[in-house]
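One chain comes next, on its own, written out as structure tokens in the form predicted on its own.
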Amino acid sequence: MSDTRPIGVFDSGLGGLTVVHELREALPNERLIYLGDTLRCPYGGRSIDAIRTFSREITTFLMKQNVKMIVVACNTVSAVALQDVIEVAGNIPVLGVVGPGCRAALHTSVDKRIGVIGTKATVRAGAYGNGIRALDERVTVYEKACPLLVPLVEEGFAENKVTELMLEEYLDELVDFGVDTLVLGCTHYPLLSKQIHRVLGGRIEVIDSAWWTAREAKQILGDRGELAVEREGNDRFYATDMTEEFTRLASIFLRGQMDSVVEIDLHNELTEIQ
């Protein structure tokens, strides 16, 4: 039996579209509904209470779209507000990007020395470090904030020499620590995979949390008997603010053109739901 309800995906901005890309690859028959909260992006500088409120609002909106699963394609929300999403979602499964990355890293690492790169907010929250150590307290985790990588990606410099030099600066410390596995703890970073592999020279296994999240989503829906047998309809994309850069950045993250995007006023949408 085919379950044609869509999968809901959200992020504070556009970085979560790298997760959409991987979901499309892993689950080509599934329809996706994506919401990027571009009006209030980034979440990293917000209070935990604000992030929890935003997450509950977005989850309420996605639930109104009759989704069968919610994928939290935001490291910050996955770190501090995943339980809020789970509470609002009720009986449907919720998957954040942090958990799959932690599980994959632990499974991959031989020496139990794992490196994590992410934004300042993600590293400050210790999301990956705490998640990995909760699974195996014997593991040593080195977390490194790499604040300049996101703007380099957004400026279209993923393949630029400057980016490679910056990666060398950030990654050398983790190599010196002797990590054998590196987690890409930001949804922007999969776009730097080629450069990262080049800098590491095959010495360290790289874990793309977006890739593993898509595979876990497929496993969960399969176990529940809720996979779509064939695709019905198109993906839908929503944004809370349409900036001039939106289309350009969206095509970078999706690695192709985005379908039409609808700008929504989340406050009005929630008022109508109530």
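Numbers follow the displayed sequence, beginning with 1. Note that the structure is predicted; figures quoted are calculated from it, not measured. Definition used throughout: the rigid core is the maximal C-alpha set that superposes within 1.5 Å between two forms.
Omitted here: the form predicted in complex with a small molecule. The next part is about that form.
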(request) Using heavy atoms and a 4.5 Å cut-off, decide whether C74, T119 and H188 all contact the small molecule in the predicted bound form. (result) yes
(request) Give a yes/no on whether L39 approaches the small molecule to within 4.5 Å in the predicted bound form, heavy atoms considered. (result) no
(message) Residue-level question: is V150 within 4.5 Å of the small molecule in the predicted bound form, judged on heavy atoms?
(response) yes
(message) Although the partner isn't part of this model, could you tell me whether F61 comes within 4.5 Å of the small molecule in the predicted bound form, counting any heavy atom of the residue?
(response) no
(message) Taking the small molecule as it sits in the predicted bound form, is W212 near enough to touch it, meaning that at least one heavy atom pair lies within 4.5 angstroms?
(response) no
(message) Please pick out the stretch from 137-145, 119-127, 192-200, 159-167 that is in contact with the small molecule in the predicted bound form, where contact means heavy atoms within 4.5 Å.
(response) 119-127
(request) Could you check whether the CA atom of L184 moves 2 Å or more between this form and the one not shown, using the rigid core for the fit? (result) no
